[in-house]
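Before any questions on how it binds or moves, here is one chain, the form predicted alone, in structure tokens.
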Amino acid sequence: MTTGLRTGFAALAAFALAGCATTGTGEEAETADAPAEVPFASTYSAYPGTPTAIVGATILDGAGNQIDGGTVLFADGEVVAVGDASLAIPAGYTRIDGTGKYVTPGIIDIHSHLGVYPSPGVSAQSDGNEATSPITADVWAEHSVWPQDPGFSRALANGGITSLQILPGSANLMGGRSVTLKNVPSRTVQGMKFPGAPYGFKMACGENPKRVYGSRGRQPSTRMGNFATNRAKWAAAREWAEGKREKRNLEMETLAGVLDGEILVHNHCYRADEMALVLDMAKEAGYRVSAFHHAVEAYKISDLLRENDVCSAIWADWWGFKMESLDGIPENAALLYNQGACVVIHSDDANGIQRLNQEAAKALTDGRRMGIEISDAEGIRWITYNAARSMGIEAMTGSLETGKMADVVLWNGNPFSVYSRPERVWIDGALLFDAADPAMRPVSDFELGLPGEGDVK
């Protein structure tokens, strides 16, 4: 195994791979149930865990419920039961005292560029934007992901991130496919791919595409150019999709997947008027937008977003860094929530992903300050269930419900406190981070021997 891990973690990895001995090729051999014809199929296999009971903690379950002094049971990679103190603990469970602490589902970042813009951030590692054409629907983010990016382990240890979506950048109108990952150490990106997660499709509107290609003297150089280029491509995709689809065409296969509803659209878009136009373009072409990302003006069209069942993936308070972000307000999330629209707090940042709980806390506070009551239990949805819903994985993770993946974070205090940190993190029931045990901090080969190896802030 090429991924270097501290002693305890290496033992864990070795145990996890013991079941793959039939081929001797590691985790690639024990693979998900993806059909053989699926290219670059997930080979993810959960690390081993033990039946665990967390007792006495405050549970924010991601489904909008809070249980004080509650109990969470998980075993064999799945949540077994969630309840109050009366919930019986079966024999053989490891009991963890959660008194004074909080339990949430694993935190999910819907918008990350870890692995495609890894640390160190030098040009040789910059693989997130195929900025050679406004339409690059044929590229897949997973082919740029570097599994040894130290950012993955920092997101796990500092932010409790258990799943994340890696997107291509926003230079292009159609930037390519995204990939959803489990945040686990792996030699290969296939070993991190979330089994059963649908692909996403990154689109971008507004300033970025018209700036990148307008500066080269080509279409698009205006917003109307953005839409003209998009509409022409969707028309061609519709024609291809309604044809025989016999000849391989990587670009058209992705666009047809969107039109078929199998690939979910994640559209970078800031301005409210432009988001409304995108919704009309989607109706014309025959696809659905799953989420607008960076939607700083979403609060202006919250009713439209609710009616079209589109989530808004937003920052808590980023605004004003370019013209189209000027009307961002810190009450954005609260106003969307108050209108019944779907809210997701995202990072788009290698540091921000380590503090999504604090970002959500800021958005909650700004809403409460203007008089909108939002419970902590609802707020935790913004970085768990709602993110999973937008990514098409809500049936498997995003909330602590019986039968779902045991992606669990034990916080040493209220996760919306600036002083709180993940104390332990489980992914599919396997303990992958323990703040009290330095041996449980994953370190990639790249970090070994370097200053700051395995550092956790």
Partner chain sequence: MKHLLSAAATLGLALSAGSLAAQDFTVTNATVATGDGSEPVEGGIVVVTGGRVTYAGPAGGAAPAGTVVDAGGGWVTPGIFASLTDLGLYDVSGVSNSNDLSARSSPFSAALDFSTSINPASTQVAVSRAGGVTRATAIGTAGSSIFAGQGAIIDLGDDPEPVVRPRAFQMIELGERGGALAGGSRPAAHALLRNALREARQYGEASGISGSRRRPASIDTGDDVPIDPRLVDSEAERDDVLLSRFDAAALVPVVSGQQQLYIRAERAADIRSVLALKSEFPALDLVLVGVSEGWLVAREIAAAGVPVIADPLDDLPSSFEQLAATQDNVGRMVDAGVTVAVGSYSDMEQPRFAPQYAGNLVSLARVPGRTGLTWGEALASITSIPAQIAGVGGRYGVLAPGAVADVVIWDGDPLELSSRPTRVFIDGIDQPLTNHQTRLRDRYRDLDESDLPKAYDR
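Numbering follows the first chain given and starts at 1. It should be emphasised that the depicted structure is a prediction, and the values quoted were computed from it without experimental measurement.
In what follows, reference is made to the form predicted together with its partner chain, a form of this protein that is not presented.
- The three residues Lys322, Gln358 and Arg421 all sit with a heavy atom within 4.5 Å of its partner chain in the model of the complex.
- Figure note: of the listed segments 177 to 185, 283 to 291, 77 to 85, 143 to 151, the one touching its partner chain in the model of the complex, with heavy atoms no more than 4.5 Å away, is 143 to 151.
- In the model of the complex, Gly121 approaches its partner chain with a heavy atom inside 4.5 Å.
- A residue is said to contact a partner when one of its heavy atoms sits within 4.5 Å of a partner heavy atom; Thr94 fails this definition for its partner chain in the model of the complex, lying far away.
- Its partner chain is not drawn, but in the model of the complex it has a heavy atom within 4.5 Å of Asn351.
- Shown alone here, Asn249 lies farther than 4.5 Å from its partner chain in the model of the complex, counting heavy atoms only.
- With the partner removed from view, the residue among Ala377, Leu335, Ile135, Ala256 that has a non-hydrogen atom within 4.5 Å of its partner chain in the model of the complex turns out to be Leu335.
- Of the candidates Pro195, Gly328, Gly206, Gly225, Gly328 is the one whose heavy atoms come within 4.5 Å of its partner chain in the model of the complex; the others do not.
- For the partner-free chain shown, nothing in 74 to 101 comes within 4.5 angstroms of its partner chain in the model of the complex, judged by any non-hydrogen atom.
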